[in-house]
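To begin, one chain is listed below as structure tokens, in the form predicted on its own.
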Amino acid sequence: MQFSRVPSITLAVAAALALIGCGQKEEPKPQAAAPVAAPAPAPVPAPKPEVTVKLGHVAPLTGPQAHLGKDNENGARMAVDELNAQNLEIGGAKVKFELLAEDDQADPKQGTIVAQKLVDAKVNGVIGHLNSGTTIPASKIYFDAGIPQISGSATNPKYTQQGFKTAFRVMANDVQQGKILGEYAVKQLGAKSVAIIDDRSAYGQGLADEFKKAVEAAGVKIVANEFTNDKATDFAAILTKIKSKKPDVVFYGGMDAQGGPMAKQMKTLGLKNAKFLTGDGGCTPEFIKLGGEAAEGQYCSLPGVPLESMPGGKAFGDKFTAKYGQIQLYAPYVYDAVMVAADAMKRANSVEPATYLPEIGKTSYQGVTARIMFDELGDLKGGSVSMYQVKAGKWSYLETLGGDVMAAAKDAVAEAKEAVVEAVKATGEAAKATGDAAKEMAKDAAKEGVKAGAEAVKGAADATRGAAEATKAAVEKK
């Protein structure tokens, strides 16, 4: 019966629909995982900016003083090379120092020309000049431009007495040196009469004037006061005039190029009994070379202490001579001048002249030559002066006068003596307070105290003497 099959089909369909309605759904197909994004690359730090610090250096690189000028330049160049090796950063920038060397020919007019040239080049500072005669007129140009100037050799007092806050020097000035020279001539050389010659330069005349003041203050007669120039080589007329005055000492204010021949001509003309005395400008190997046999036994002064007695003298001398040869005169001081400028820049965290200039006046820098600090004028505090004599064809150290070095040695001896007194006093009081037993202990303590004090006195004296003896080798290299 066909009619009866219809319900069966209908029921089957209904059952299927019921199963679907009861939740038996088709499982969804799995979705592909979203790709993981790669991490963003770390930002590359921007390279630090670089800045070039231009330092001008001025000295005579031609003419009779060229050997001294090149010596100064080499001292500055060695300092610059060492600073660059340190890879310094100042004010957030990498710093490269560059030396701009100029030749002023020891001529005041040329000195002002190259000074203006350095100002136009926008230098960050100036090291020099060598000569006072060029340093003084150039200092006005640097002052007007606000550029710091540090000299390692210009000693005329006027340089720092002009009121220019940009002017500094790292060695004793001629007020200090001239006074010591004058006193040495009277006290150590026994001068009763003195003849003075200078080269009319700011350095030579300035030193001679200070020497004259000291000699006259001691009551010694000035029998002649003559002058020449820094280009002269013939001094026969001057020396012939002086010979008739029979001076005990002939003092020359000037450089070695004239000092050496002058000493030689003194001997030729028969001024055999007169001692020749000069300042730092003649305290060089060149003086001995030019003076020949006549240089033997003559005297000079040099601001500061001998190289071997300088805090960093031996190390500097070894490095310098290996690189440039024999030190002529001022190289250690010029090296320090560069380092003082760099030290001020680091403390100011700026290489801009207006920013680091105030820091120079606050300097307390342990240099090769000394602990460098400046007074209100820009002069080195506590400058000392050393005396030398030519012996066996070489400058031989005699003694150091004035300055902090000798004062420190004297203070050390005084403190040691005071320690002895205090030790004896303390043990005496202990004995009185604690009876016989304590007396024996106090005696032992006293012995130890006296012994320690005596050793301190001896140590201070030995240190002073040892420093002097240790300098001979370095001085003989000059």
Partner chain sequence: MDIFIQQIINGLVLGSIYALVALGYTMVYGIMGLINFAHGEVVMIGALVALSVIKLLANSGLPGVVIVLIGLMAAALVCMAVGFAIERVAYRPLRKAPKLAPLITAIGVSIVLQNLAMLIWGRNYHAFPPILPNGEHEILGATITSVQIAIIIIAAAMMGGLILLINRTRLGRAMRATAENPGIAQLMGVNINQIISLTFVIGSALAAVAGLMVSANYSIAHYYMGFVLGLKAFTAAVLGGIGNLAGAMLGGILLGLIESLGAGYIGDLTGGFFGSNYQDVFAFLVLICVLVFRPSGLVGEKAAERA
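Numbering follows the first chain given and starts at 1. The structure displayed is predicted, hence computed values, not measured ones.
Another form, the form predicted together with its partner chain, is not on view; read the next lines as being about it.
- State yes or no: in the predicted bound form, is some non-hydrogen atom of A66 no more than 4.5 angstroms from a non-hydrogen atom of its partner chain? Result yes; A66 sits at the interface with its partner chain in the predicted bound form.
- Do N273 and its partner chain share at least one heavy atom pair within 4.5 Å in the predicted bound form? No, N273 is distant from the partner.
- Query: Going by a heavy atom distance of 4.5 Å, is K54 a contact of its partner chain in the predicted bound form?
  - Reply: No, no contact at 4.5 Å.
- With a 4.5 Å heavy atom cut-off, would you call I222 a contact of its partner chain in the predicted bound form? Looking in the predicted bound form, residue contacts with its partner chain do not include I222, since no heavy atom lies within 4.5 Å.
- Message: Using a 4.5 Å heavy atom cut-off, which residue among A85, A322, A236, A392 comes into contact with its partner chain in the predicted bound form?
- Response: Checking each option against its partner chain in the predicted bound form, the one that comes within 4.5 Å is A236.
- Task: Go through E399, E226, E352, D375 and name the one with a heavy atom inside 4.5 Å of its partner chain in the predicted bound form.
- Result: It is E226.
- Residue stretch of 255-263, 379-387, 274-282, 332-340 approaching its partner chain in the predicted bound form, non-hydrogen atom distance within 4.5 Å: After filtering at 4.5 Å, what remains is 255-263.
- What are the residues of 272-289, in order along the chain, with a heavy atom within 4.5 Å of its partner chain in the predicted bound form? Sequence-ordered list: K272, E286, K289.
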